[in-house]
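Shown below, as structure tokens, is a lone chain in the form predicted on its own; questions about how it binds or moves come after it.
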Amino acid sequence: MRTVNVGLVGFGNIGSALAETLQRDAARLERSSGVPLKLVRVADRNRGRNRRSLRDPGILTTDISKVVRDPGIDVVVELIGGVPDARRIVMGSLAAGKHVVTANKHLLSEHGGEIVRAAARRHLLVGFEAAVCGGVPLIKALREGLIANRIRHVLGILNGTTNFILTRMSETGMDYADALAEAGRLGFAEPDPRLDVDGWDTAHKASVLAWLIFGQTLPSSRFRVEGIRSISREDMTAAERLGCRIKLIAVLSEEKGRLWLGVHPALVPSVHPLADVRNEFNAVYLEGDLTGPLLFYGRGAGKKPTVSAVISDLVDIGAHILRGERTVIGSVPAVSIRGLSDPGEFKTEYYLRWKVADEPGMIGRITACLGKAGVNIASVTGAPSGTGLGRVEIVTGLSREGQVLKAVKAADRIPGVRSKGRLLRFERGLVG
């Protein structure tokens, strides 16, 4: 039996772990899958990096074209990250007749449709299991196991860094800065954590899921993205009083042919399965019209989960090559979506909080603003501090976001209101 020859571009922590696993476990992988994978070339701009993980250092090159254009390579694995260079590598590999595996969610969120169309024209496969939720086999389930289902609603905790930070804040009383510092010490946060804590990593993954489930290529710049920098110990205390935990949630929901897509911190009731997802773990909770609710759970990042997902793609593609198949089935579903919903039409319940002067009438003035905007109120709490400053907390009924934001803006202008209104959304979806 011929070998399936693999070329790797990118030899950092994940690339070197992939190379080590492919070399060490080649015989076991072949026995279990029937696919003999062989790493034949590695390209990295830093020739000296991680050389010790290669049994044959001679396969390492700084010339990426030696991977992309090598006629003896069947599959190219792209692990450099970023977009412009990665796109050139992926598109160049497809043009050269090679299948591709990538873990690059940012690339897919911006150019996924283009990449899959280019692959389909050449009867090639693109594997991206590692792009969303790391080692959790979510992509394979969506492309194969759930293919008969129409999926209308998806909730996801898609970023391990932010989930670790929020878990530590909730369980230990840490503030955001201390929890972020601990995440960095333990290797759960990058030296520059902005992509994670500002919500963009989650947004890139949500974009990939929207493309895969709903057939819509939606760059993250086109939908609302909020991170966790503003989450405070006061928010965590409020969440506990409300029987909730705060999680950074990606929400994807299709209704009447329009798609709602957004990323934001949410108040998740403690009875919801996502509330118990702790530390660096990821989870996706979705509902198929045939299966009902499903939960996918596991470690979403790190080199080992990523290597697991990449090798899964390599085995699938290798089996396809060995069978001599040309037809590529099920690249992206054909779903009739007319476009994105207006963010102002998003409907949920909201938690609102203001610091106010400790004087009579403040609650009435604030609730009047909500009533004028057409926002129903479920509960109101006023808490004097004894220092001349009080707190007003409101939980709304099911309301449109545009109306709530209008009410908050009006309440912020009331004399005696000492802080801008704090807004957190509830996420109760898919329960029951």
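Residues carry their position along the shown sequence, with the first being 1. Worth saying up front: this structure is predicted, and the values here are computed from it rather than measured.
Another form, the form predicted together with a small molecule, is not on view; read the next lines as being about it.
The stretch that touches the small molecule in the model of the complex, counting heavy atoms within 4.5 Å, is 296-304, out of 296-304, 146-154, 218-226, 351-359.
For residue 105, a non-hydrogen atom is located within 4.5 Å of the small molecule in the model of the complex, even though that partner is not displayed. Contact check for residue 207: every heavy atom lies farther than 4.5 Å from the small molecule in the model of the complex. In the model of the complex, at least one heavy atom of residue 158 sits within 4.5 Å of the small molecule.
Although the partner is absent here, residue 129 sits far enough away that none of its heavy atoms falls within 4.5 Å of the small molecule in the model of the complex.
Among the residues 176, 346, 285, 188, the one placing a heavy atom within 4.5 Å of the small molecule in the model of the complex is 188.
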